[in-house]
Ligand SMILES: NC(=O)c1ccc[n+]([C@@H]2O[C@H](COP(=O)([O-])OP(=O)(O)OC[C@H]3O[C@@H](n4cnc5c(N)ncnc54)[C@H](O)[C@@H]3O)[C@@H](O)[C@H]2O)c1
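In the block that follows, a single chain appears as structure tokens, in the form predicted on its own.
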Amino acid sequence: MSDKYRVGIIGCGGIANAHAHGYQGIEEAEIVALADPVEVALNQFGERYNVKNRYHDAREMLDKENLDIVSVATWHKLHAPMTVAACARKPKAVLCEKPMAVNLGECNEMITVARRNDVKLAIGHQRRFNSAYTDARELIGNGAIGEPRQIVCRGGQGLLNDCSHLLDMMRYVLNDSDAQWVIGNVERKTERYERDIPIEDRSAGIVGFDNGCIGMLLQEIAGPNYQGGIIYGSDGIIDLTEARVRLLNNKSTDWEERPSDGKNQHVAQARELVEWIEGKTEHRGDAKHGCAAVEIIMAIYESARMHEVVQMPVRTLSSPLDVMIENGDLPVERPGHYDIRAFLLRGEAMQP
């Protein structure tokens, strides 16, 4: 229908399905165009979601389709250039998949171009729309566990990948408290990549937030890895996963189970994007939060590079991990390039 927001999706891989389901779950938006240089991916996705307008060149799509909303669902390296390209065409909003970018310089460019062109820019940390996460945020805000003292998370698959969700979760449940300082370290003795981005084998980070809470992230160290964490307060504990909140405090004698409502997070994310466009609300995935998660990751890398507690804001705009690799500070002891997401590649391609 002509009165619906026209949506275009850049990138037709796995995560694009989540974006498509989000838009299909609301009445106000319609997916009208797709872009992906890989023919088989483009056509399979177009057939699945009945989208006829398909482009190998994203910029051609942006120029021809008069889009209101653009989803950037590419691999990480293209988040910044595709967001810049989309914002330059002045849609109403851009929803870029996480992580926002692969370094702070790119994050800054994305925010600048969005502001310059009056585009609302959101980052796809969809778990902000998980009812269990929001329940934990409200419980903490209402003093259910007293003063939050510590959050402990266990993640995997690289800081920029799954662990960016965990760092964003820490901020979200703490009412988006800002990090003040970070100390961390990394191990990289193999040639490990994630979607063509060099990542660490293992890492650990400790984050000091401005409300006094301390966040701790263990990556590939003390599994099992999962999305969620344990929040310790002065008067209680919250055990959080995507499926539920478990609460124990000084008013109870046993754990209180508080299950998630099971509603689709991507639909809620898309709905709030439309409401943001219409001036009805702010978007909880506003790019400033996506940037904050990337900044904590870069601070962990910078702490490992500089052997110091990093005070925020981080002043190094390139990726300190890339700098360490280029400088030979993380020598590979077990050679052999491998990508932990190589299973996403199609046909005979084994390298991105």
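Model, not experiment: these values are computed from the prediction. Residue numbers here begin at 1 and follow the sequence given.
A second form of this protein, the form predicted in complex with this ligand, is not displayed here; the remarks below concern that form.
Would E302 count as touching this ligand in the model of the complex under a 4.5 Å heavy atom rule?
E302: no, not in contact with this ligand in the model of the complex.
Decide whether A270 counts as a contact residue for this ligand in the model of the complex under a heavy atom distance cut-off of 4.5 Å.
No, A270 sits far enough from this ligand in the model of the complex that none of its heavy atoms falls within 4.5 Å.
Just checking whether T74 would be counted as a contact of this ligand in the model of the complex - the rule being heavy atoms within 4.5 angstroms.
Yes.
Taking heavy atoms only, is P313 within 4.5 angstroms of this ligand in the model of the complex?
So P313 does not count as contacting this ligand.
Residues I10, L78 and P99 are flagged as a possible site; in the model of the complex, is every one of them within 4.5 Å of this ligand by some non-hydrogen atom?
Per the other structure, all of I10, L78 and P99 touch this ligand.
Per-stretch contact check against this ligand in the model of the complex, the hit in 183-191, 110-118, 160-168, 228-236 (non-hydrogen atom, 4.5 angstroms)
The contacting stretch here is 160-168.
With this ligand left out of view, choose which of G155, P148, G124, P198 has a non-hydrogen atom within 4.5 angstroms of it in the model of the complex.
Checked against the cut-off, the match is G124.
Between I140, A93, V207, M82, only one gets a heavy atom within 4.5 angstroms of this ligand in the model of the complex; which residue is that?
None of the other options qualify; the answer is M82.
Scan 314-347 and note down the residues that get a heavy atom within 4.5 Å of this ligand in the model of the complex; none is a fine answer too.
Residue within 4.5 Å: L344, and no other.
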